[in-house]
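Just one chain follows, in the form predicted alone, and it is written as structure tokens.
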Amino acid sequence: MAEAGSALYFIITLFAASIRMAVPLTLAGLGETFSERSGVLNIGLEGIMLSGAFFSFMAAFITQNILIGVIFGCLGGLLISMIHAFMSFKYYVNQTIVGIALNFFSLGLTSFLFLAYFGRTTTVPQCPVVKPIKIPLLSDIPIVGDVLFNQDIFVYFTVFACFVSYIILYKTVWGTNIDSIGEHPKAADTVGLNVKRTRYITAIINGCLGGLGGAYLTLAMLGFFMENITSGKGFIALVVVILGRRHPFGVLFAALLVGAAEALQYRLQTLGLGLPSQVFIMLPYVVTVIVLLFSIGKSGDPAALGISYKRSSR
């Protein structure tokens, strides 16, 4: 009986942790979904999240206000996304190359600014973090109540963002326009759609949501910032977009799968199995690669994905 109770507790806590791990991947994945459906491939998602994490931490640390931290997290992600958009849309630079460059730029910039402000210190600066919010009645439901309805505001917003994204992309004219531009920008331009403006708007969405995903790391999960805090989560978010077929709920479920693998590796490390810690650390990445292998040839990329559109070209 005790073993059954322990197993149930393990499953519940694992599921709750999986949800939290999935939040930054889902937010960044939703932003990239908008971008890719309009035909823009932003490999710089890692840089967007890293910038969002840094600026949200700095703002929250200085002001001791979480809301200001969230706003600056979005602005930090927006900064990187707009650089990518400007270089891609104004000067038609290869989107992949710009994204890779921005990842290195963000890593260097955030590390330099953090060191310049705090110097070399043995104490980790802390910022305020959000607290779980219990939803009355629903949080009292046995088993699932504590898992689903005793989470922080980021978790609730992520689910809300998935529903809003689904409605925009599948139930509105603008969502149809985004898909049209992603498939055939020349034809969309011919019928009067503003290709560049639409792509700038999706870049704004990508920057804000990606920055918010980075902000979650500092304002909810950790409460501090360190160099390369994202540790590849931006790249995993790109994989989540592919696995989710650029569908908001597909992105959510793919993020939950990867989040479960990440949560499991922390649980396994505490069991004392006698294996090197690196074996557990690589678990979410191994799961990501394995699942990605099953999606080969099934991604359904927009026809114009990653291709710069020049209105004057034939």
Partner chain sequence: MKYTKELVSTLIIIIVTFLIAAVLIIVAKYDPGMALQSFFYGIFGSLHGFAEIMVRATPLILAGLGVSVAFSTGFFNIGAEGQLYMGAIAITCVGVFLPPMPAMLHIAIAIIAGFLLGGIWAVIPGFLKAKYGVSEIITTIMFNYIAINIVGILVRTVLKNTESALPYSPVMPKSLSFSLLLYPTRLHGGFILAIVSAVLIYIIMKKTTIGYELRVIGFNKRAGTCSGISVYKNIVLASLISGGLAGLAGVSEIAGVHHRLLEGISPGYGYIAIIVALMGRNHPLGVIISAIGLSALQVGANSMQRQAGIPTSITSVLMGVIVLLALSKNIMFSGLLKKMRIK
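Positions refer to the first chain, counted from 1. Because the structure is a prediction, the values reported are computed rather than measured.
Although not depicted, the form predicted in complex with the partner chain is the subject of the following passage.
- For the three marked residues, M87, F104 and L115, a heavy atom of each sits within 4.5 Å of the partner chain in the predicted complex.
- Only one of 25-33, 247-255, 57-65, 285-293 places residue heavy atoms within 4.5 angstroms of the partner chain in the predicted complex, namely 285-293.
- Note on contacts: among C127, C162, L238, A203, the single residue with a heavy atom within 4.5 Å of the partner chain in the predicted complex is L238.
- In the predicted complex, the partner chain sits within 4.5 Å of a heavy atom belonging to I83.
- Taking non-hydrogen atoms only, Y156 never approaches the partner chain to within 4.5 angstroms in the predicted complex.
- The partner chain is not shown here, and in the predicted complex it never comes within 4.5 Å of any heavy atom of I133.
- Residue contact check for N150: none of its heavy atoms lie within 4.5 Å of the partner chain in the predicted complex.
- In this stretch, 154-184, not one residue has a heavy atom within 4.5 Å of the partner chain in the predicted complex; the partner itself is omitted from this view.
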